[in-house]
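First comes one chain, alone, set out as structure tokens in the form predicted on its own.
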């Protein structure tokens, strides 16, 4: 899957007339192998170890380009900080974002399709895709470490 993403991103950049520079390819490869949700600083630090001459502006521009072309997704965490993840083809998941520590938890369950037709009918708006991010506190940040259970759901 990682190699398919890398090739798809490379082809997409070339198709749009962008050069495949060493730093761009390093960023794409890093993101394809990243399991978490890095921010710009984390991406920059990792890429700089391989490309010592890279500037943070190059990382910003490349990430913005990958977002624009649909190869990345941005997740907003506390205080409008952005984290990034690969936009894997066919992948559909959502995020729980802790407002305390900034932890991002992925979940795949989505019942949005159950209400999307009603929303389209009422608003006369055709929904083509959606992203769900819920903000709250993870178990570690809950005051008094309150017990949480899904047994009564």
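Rigid core (definition): largest C-alpha set, two forms, superposition within 1.5 Å. Positions refer to the first chain, counted from 1. Source: prediction; values computed, not measured.
Quick note: we don't show the form predicted together with another copy of the chain, though the next part is all about it.
Mapping the unseen interface onto this chain, residue 133 counts among the residues with a heavy atom inside 4.5 Å of another copy of the chain in the predicted bound form. Under a 4.5 angstroms non-hydrogen atom cutoff, another copy of the chain in the predicted bound form lacks residue 56 among its neighbouring residues. Within 4.5 Å of some heavy atom of another copy of the chain in the predicted bound form lies at least one heavy atom of residue 137.
The closest heavy atom approach of residue 48 to another copy of the chain in the predicted bound form falls outside 4.5 Å. Here the marked residues 25, 30 and 117 all miss another copy of the chain in the predicted bound form; none has a heavy atom within 4.5 angstroms. The partner is absent here; in the predicted bound form, the one residue of 98, 86, 66, 43 having a heavy atom within 4.5 Å of another copy of the chain is 98. Core-superposed comparison between this form and the one not shown: the C-alpha position of residue 18 differs by less than 2 Å. Comparing the forms between this form and the one not shown on their rigid core, the Cα displacement of residue 60 stays under 2 Å. Superposed on the core, the two forms differ at residue 127: its CA moves 2 Å or more between this form and the one not shown.
Look at residue 100 and residue 60: in the predicted bound form their Cα atoms move 3 Å or more farther apart than in this form. In the predicted bound form, the CA atoms of residue 41 and residue 101 move farther apart by at least 3 angstroms compared with the shown structure.
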